[in-house]
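Taking the form predicted alone, here's one chain by itself in structure tokens.
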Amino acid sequence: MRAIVCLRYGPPNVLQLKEVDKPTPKDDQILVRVFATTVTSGDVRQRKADPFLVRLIFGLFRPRKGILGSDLAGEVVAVGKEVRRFKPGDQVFGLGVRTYAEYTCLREKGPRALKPANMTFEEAAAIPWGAACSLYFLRRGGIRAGQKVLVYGASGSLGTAAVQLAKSFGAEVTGVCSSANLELVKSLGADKVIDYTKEDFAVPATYDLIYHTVGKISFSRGLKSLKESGAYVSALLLTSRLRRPWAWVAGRKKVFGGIAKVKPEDMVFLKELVEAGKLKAVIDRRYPLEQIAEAHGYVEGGHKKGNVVITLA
């Protein structure tokens, strides 16, 4: 099968298209033919080993897993003898491993679900990373109806999903982004959009929950903008010093971070939101598998809107 192999850390051109052996599912695994995946900021950090902490997680001198990728949408083609949730022919989407390949093996119990009926494979692949991680962190911050929620970095993969999710919970949402993305964020349902190049979001004691998706503001500015019992949530997944979720308290204000833990039921929840018309995919660009180095370069530039999808069909 065709796969993108990363044998060393470095710039986008370390990603090479090669023929590799097709995997065989174990008793508790499903074999999925991947029709679409994405390039996430996490994939870029893993490829670059930046920050250095990445090496402690994925391999000190080179990636232990030569095939990167986490988002996927595809079709189950084979199952292990212990698998009960899925069967051959099922169209699925979710988070996985080694998705920069035509086929990947995944544990049945992982964060996957049947693909939303009203989405293409490309659209479905653009949901898991941003939406599942944002769902985890918004829930971690205790989101509920009537709250004032600020999403900083509202035009990226995490942010575009977070704006829609926060609205689905009944929150009043303010998105922070650049001038070029104001209309996009408004179209996703944000009640107010702040252009960070012209306006400071840090108004004292304004928000019940701040969701920070990019590394461009300090905790002190975020805490200043929180109400007295508010929550500040950081989704800097691969730059966290701890791999498990963490929290600390500043007075009555709470700060949460770490790496999102996504469950199968979270993917089912997102599927239902999509089918109810409350969550849509935001796709900036599409690239064929052969052009994945170019896609990585674009994502690394830091100006993508929503998601960059890789097609394999």
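Note that residue numbering follows the sequence shown and begins at 1. Predicted model only: the values in this text are computed from it and were never measured.
What comes next is about the form predicted in complex with a small molecule, which does not appear here.
Colleague: Heavy atoms within 4.5 Å of the small molecule in the model of the complex: which stretch in 165-173, 145-153, 96-104, 68-76 meets that?
Modeller: Comparing against the small molecule in the model of the complex, the contact stretch is 145-153.
Colleague: Quick one: is Val214 in contact with the small molecule in the model of the complex, heavy atoms, 4.5 Å cut-off?
Modeller: Answer yes; at least one heavy atom of Val214 falls within 4.5 Å of the small molecule in the model of the complex.
Colleague: Using heavy atoms and a 4.5 Å limit, would one call Lys18 a contact residue for the small molecule in the model of the complex?
Modeller: No.
Colleague: At the 4.5 Å heavy atom threshold, is Gln91 in contact with the small molecule in the model of the complex?
Modeller: Result no; Gln91 lies far from the small molecule in the model of the complex.
Colleague: Answer with yes or no whether Ser178 is in contact with the small molecule in the model of the complex, where contact means some heavy atom within 4.5 Å.
Modeller: Contact check for Ser178: yes, within 4.5 Å of the small molecule in the model of the complex.
Colleague: To verify the annotation, which of these, Lys253, Arg45, Lys271, Lys280, has a non-hydrogen atom within 4.5 Å of the small molecule in the model of the complex?
Modeller: None of the others qualify; the residue that does is Arg45.
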